[in-house]
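Let's start with one chain on its own, the form predicted alone, as structure tokens.
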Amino acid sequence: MKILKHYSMFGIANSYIIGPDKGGDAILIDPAIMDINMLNLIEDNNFYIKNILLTHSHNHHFDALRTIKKIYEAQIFSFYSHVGEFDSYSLVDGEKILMSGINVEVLHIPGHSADSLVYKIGNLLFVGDVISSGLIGRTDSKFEEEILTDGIEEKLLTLNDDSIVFPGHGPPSILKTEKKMFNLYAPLK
């Protein structure tokens, strides 16, 4: 399995492409922008975008949908049944789904947004804006921050230390590091 990262200046956001080593149907996570670099990543690896996973519905995590849907017949998956102008398959917490030959587990961790989802693929965590290299996601209120930190404690920090964290913004990390950072932050709650 290959994991490719695309960085977009729009929203300073990360997108990820996951697919078989030798090409084939692939998953695209949080398509911020469809530029020539994204197209080259897909085509040079002989991928066909069959599934699109959205971690949440902030437009800098899905703005490329219109262009991508013109090129690929991809199914969109998110918390909501409709994102922008597109229908989406609505996912729920704990759901396990096989897509493009890859097992994906869904974790709903609201707080940054009501629809924030984390996608667990083996020991890989695609966390959107739930956490980001030593930080928890931005929230608009103390109440949302408590919901977010509770969700992180219950659903993420209980996973294996060697899990690799792929955030919506910033560099990847490992969960062991994020646990340490969270524990430093937690007393401030």
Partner chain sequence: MNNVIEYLNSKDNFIHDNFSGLDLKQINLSGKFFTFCQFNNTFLDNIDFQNCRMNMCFFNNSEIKESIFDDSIITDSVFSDSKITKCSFANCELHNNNFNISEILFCNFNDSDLYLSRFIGAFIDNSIFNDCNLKRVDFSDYINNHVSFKLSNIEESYFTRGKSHENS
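This is a predicted model, so every value here is computed, not measured. Positions refer to the first chain, counted from 1.
Only in words, not in the display: the form predicted together with its partner chain, which the text now covers.
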{"query": "Position in contact with its partner chain when the complex is considered in the predicted complex, options 65, 49, 147, 136, heavy atoms within 4.5 Å", "finding": "136"}
{"query": "Segment that reaches its partner chain in the predicted complex - one of 65-73, 127-135, 28-36, 152-160, heavy atoms within 4.5 Å", "finding": "127-135"}
{"query": "Partner proximity in the predicted complex: residue 170 to its partner chain, non-hydrogen atom cutoff 4.5 Å", "finding": "yes"}
{"query": "Residue 120 within 4.5 Å of its partner chain in the predicted complex, heavy atoms", "finding": "no"}
{"query": "4.5 Å heavy atom contact, residue 11 and its partner chain in the predicted complex", "finding": "yes"}
{"query": "Within 78-112, the residues that have a heavy atom no more than 4.5 Å from its partner chain in the predicted complex", "finding": "112"}
